[in-house]
Structures are given as structure tokens and as C-alpha cells.
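Below sits a lone chain in C-alpha cells, taken as the form predicted alone.
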């Protein structure tokens, strides 16, 4: 951490419901992180340094220049920290897909909280819990009291809880994306509030295979990478693979495609798309070759997990947001 200076911007990092990959994106700056640290004072980063909540509480409102918060909002503690950091920060930046759109944790919105608790604590294959004991938010025993954060019914993106100034997309953002965003925020002129700090065009525009993409590919079925030998040079859509590139923002350097895997959509939609899942679904549905209803159903049935495919990173931030309470839900995925 740099020496404290009244002239340096003060920066904070915090981690809510996420896997920790966004913290790795910061560390993966390698030598470039030294240039960043030289220009800022890191005043809060509990995953990497010894900071406590009370350290933030003691700060004056607005004293933190920018907070980079990754992860969706799943628990009462995460919501409380998001509100605290919002009040202490001049700028609040949603870092990564979970904070930006809800991310992988947001797929829990397909189920209700009670079902999830049963699956994790009562019926897991590795635990014997005959009494059906579940975590309680308040517990007292022998004069001692323990409090746990409450698990909210609905997973939310950061901007569904507090006001957000900027977004850095990705699961996780590439070091290049993160560094470019930091340089923009440290510049003399800030972008318009609400800007996603990544290129505003579809991934197909930067795809190394774009010259092999047909003007209108057609599908008779959708394939999965493990079912075929994937051509390393040909457009993945043209090979019948379900690539999210047409509905996904660029900026990731097409890393998945360069690794011979379809884009899964982690950078979210461009500014011209309201619902990423609906966008790609509309695109693919228009490319099914048959006009026969039964045949169309057969083709679409080759997509084994439509919601997990089209809304893998963005269900909470989509028009759907969550499964409606009271509607019969599908069984939890088998292990």
C-alpha cells in the first residue's frame, strides 16, 4: 500500500456475493499495479489487507474518491456495506458481472430461499442433518449470542440497492479492461454517469473469426463443444455452437473464442440492448431453418438450459429478474 498523501485519490475495494475473480483481476495487473498504487491511497481492501468495518465508519462522508465493489447483493450484511460505502464514496463503481448485472449468484432467483436452504443444509450428499437444522440470524447459548447475516429472498445487482456511477463488466474483467477503466477514472474528465467502461459494440466486431461468419447462419440443431471437434478458425455460430457474441459487449479480447470456446456473455449487453438474453434468443430464433412448429420445438430443445445460457450473468438485471413467487419451480439441478 502506498504512503498516505492528502493529494492522492483514496480508493476502496469490497467483495460481496462473488467468487473472488474480480479481486484476482486487480492482482493480475502484475507490474502495472505498482503504477496504480503509486497514484492512489488504498484505504479499504479487506480481502488483501487488514481493514475492518469500523475503519470505514470512522471516515467522513465522501472522503473516499472511488470504491470498486464487486459481487451481487445477497445478504443483509452485503446490503449494509454497500450502503455504507456509497455514503463514504464520491464514486461507486460496480466491478464485474455480479455487481453489474447479478452474475452467477443471480441464478438463485430461479428458486425460493426455502428450497435453497433445504438443498444446502438438509439434503446435501455430504452432510447428515436428521434434525433439519438451518442457520438462524440470531442464536443464544449458555449466555453467548451469535448473529449471522440474513439471506435475502432475491439476489440483486448493485444498482438495484444503491446509486452506481460507473460499471466495469466481465467475469472477471480482464486486467486490460480494469486498467483502462482506472485510467479513465483518474483522468481529468469523467465520462457520463452510468457509463459502462468498455467498448460499446458487440463482441462479434472484435472476434478473430468474424471473417468466417456467414451473413445469415442457419440452425437445424444447437451443439455443445464436447459433442464435436471444434474448428479453431471457423465462426462458432456457423458450426452450430451457441455463442453469445452477437448479444454481448466487446472488450474482453475474445478470450473464450481464442480458447476455442463459445462466448458465454459475461460482459453483458451493449447500451442499445435492454435485455441481453432476449436479444440473443431473438437472434437465434430467427436463424432456425425450419418454419414447422414441431421442428422448431425440436431444434430449440437442443438448448439444455435456456435460462442458464441466455441469462447466465444477468438474470437479476434483466426484464425477468426472478421466478415469480408461487409459480411451480423446476427441481434443483441434480449433482
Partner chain sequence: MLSRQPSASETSQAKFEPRIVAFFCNWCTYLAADLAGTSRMKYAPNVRVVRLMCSGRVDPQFVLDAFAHGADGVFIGGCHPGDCHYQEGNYKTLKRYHLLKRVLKEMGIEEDRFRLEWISAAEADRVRTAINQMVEKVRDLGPLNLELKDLENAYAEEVLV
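Numbering follows the first chain given and starts at 1. Remember, predicted model here, so these are calculated numbers, not experimental data.
Separately, the form predicted together with the partner chain exists; it is not shown, and the next lines address it.
- Taking the partner from the other structure, the partner chain in the model of the complex has a heavy atom within 4.5 Å of a heavy atom of residue 153.
- Contact annotation: residue 258 falls outside 4.5 Å of the partner chain in the model of the complex, judged by heavy atom distances.
- Among residues of the shown chain, residue 110 is one whose heavy atoms approach the partner chain to within 4.5 Å in the model of the complex.
- Under a 4.5 angstroms non-hydrogen atom cutoff, the partner chain in the model of the complex has residue 79 among its neighbouring residues.
- Only one segment in the set 62-70, 32-40, 300-308, 45-53 has any non-hydrogen atom within 4.5 angstroms of the partner chain in the model of the complex, and it is 300-308.
- Proximity of 286, 289 and 321 to the partner chain in the model of the complex is complete: all three residues have a non-hydrogen atom within 4.5 angstroms.
- Residues are counted as partner-facing when one of their heavy atoms sits within 4.5 Å of the partner chain in the model of the complex; in 274-296 these are 274, 275, 278, 279, 281, 282, 285, 286, 288, 289, 290, 291, 293, 296, in sequence order.
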